[in-house]
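In the block that follows, a single chain appears as structure tokens, in the form predicted alone.
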């Protein structure tokens, strides 16, 4: 329960910190940290307009997408505290419940009958397919190192002591940050502010969503960032007492938000043809973690 509460609180500020960091990096005052919340609240107070060609899938997709994010949130632990749902192999459930939300978003885009949205749906499906192996190789490596298959047991058995373990944690952090960027269609894979039809990915998929439904989609994105931030936090806090772990949680979440803002400020979006290559490289980085685990456990021959 504590993990879910902390993630919800972090999600309130995460995107606002990103936007604030980008504004400061470009020398602008920019919006306040809570501006994304005000935007979502405004959308929740509006009605939704549906295309004449769209069916029931278009209407229910935003709700199911947000529900899938909440289900993924429930399996994420916090230090010594288990997630509300904790069981062997729950990281597999985590990955595929997020994939369910992505699938519904893709189907909703196709349901409009727009070739424009179909283009974005095709790209979203490709990027998601290429990012999944990196996540599974990473979590499978940590499961091999600790001998456990649930998030809570993996992170509690993961002890950072040697330089090799810190190197593996750094690589794992990089992989999780990049997966979070891909899952949320952010730089350098996608630019959420662009409206150039040849480069749009996620934004083109939600063009026909409006009002309350668009608010649900934005809320799902805010939560997804905070969830991946919580996974990164668990890499480092281990068995740290709760009194110290809570400040560390918000410190690391804030650091990740600032890092994302700086990446988006100083890194250009990749060419569309280079995105699949970049995402595939993440699996190679995750394989470095796997080989490091073999080295630590003495199984590397």
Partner chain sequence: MNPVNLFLLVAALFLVLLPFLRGAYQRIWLLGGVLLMAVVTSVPAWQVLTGATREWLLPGNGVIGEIPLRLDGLSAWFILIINLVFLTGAVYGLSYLRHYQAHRNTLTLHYLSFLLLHLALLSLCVIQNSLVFLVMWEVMTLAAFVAVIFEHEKWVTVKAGINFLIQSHISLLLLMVGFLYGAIHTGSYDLAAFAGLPGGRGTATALMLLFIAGFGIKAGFVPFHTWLPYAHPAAPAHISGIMSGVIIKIGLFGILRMLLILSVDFTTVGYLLLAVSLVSGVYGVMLAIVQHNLKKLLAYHSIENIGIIGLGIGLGCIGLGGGHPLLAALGFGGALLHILNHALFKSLLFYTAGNVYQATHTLHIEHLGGVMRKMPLTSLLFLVAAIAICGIPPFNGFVSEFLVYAGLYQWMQEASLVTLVVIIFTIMGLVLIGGLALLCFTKAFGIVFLGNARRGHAGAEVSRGQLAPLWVLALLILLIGTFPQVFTGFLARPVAQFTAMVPHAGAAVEMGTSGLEPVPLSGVVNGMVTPVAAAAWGVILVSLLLWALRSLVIRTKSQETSPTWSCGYVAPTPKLQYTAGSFARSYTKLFRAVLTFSRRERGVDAIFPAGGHYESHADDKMEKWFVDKPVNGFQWLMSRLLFLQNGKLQVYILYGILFMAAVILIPVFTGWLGDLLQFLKQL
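Residue numbers count along the first chain shown, from 1. None of the values given here were measured: they were computed from a predicted structure.
The next section is about a form of this same protein that is not shown, the form predicted together with its partner chain.
Q. Tell me which of 44-52, 249-257, 30-38, 228-236 has residues with heavy atoms within 4.5 angstroms of its partner chain in the predicted complex?
A. Contact-bearing stretch, as computed: 44-52.
**Q.** Non-hydrogen atom within 4.5 angstroms of its partner chain in the predicted complex for each of 155, 178 and 182
**A.** None of them does, since no heavy atom lies within 4.5 Å of the partner.
Q: May I ask you to state whether residue 294 is within 4.5 Å of its partner chain in the predicted complex, using heavy atom distances?
A: Judged by the heavy-atom cut-off of 4.5 Å, residue 294 is in contact with its partner chain in the predicted complex.
Q: Decide whether residue 132 counts as a contact residue for its partner chain in the predicted complex under a heavy atom distance cut-off of 4.5 Å.
A: Yes.
Q.
Whether residue 122 contacts its partner chain in the predicted complex should be assessed with a 4.5 Å heavy atom distance threshold; does it?
A. Flag for residue 122 set to yes.
**Q.** Distance check, residue 67 to its partner chain in the predicted complex, heavy atom within 4.5 Å
**A.** It does: once its partner chain is placed as it appears in the predicted complex, residue 67 has a heavy atom within 4.5 Å of it.
Q.
With the partner left out here, which residues of 82-97 have a non-hydrogen atom within 4.5 Å of its partner chain in the predicted complex?
A. Stretch hits, in order: 85, 87, 88, 89, 91, 92, 93, 96, 97.
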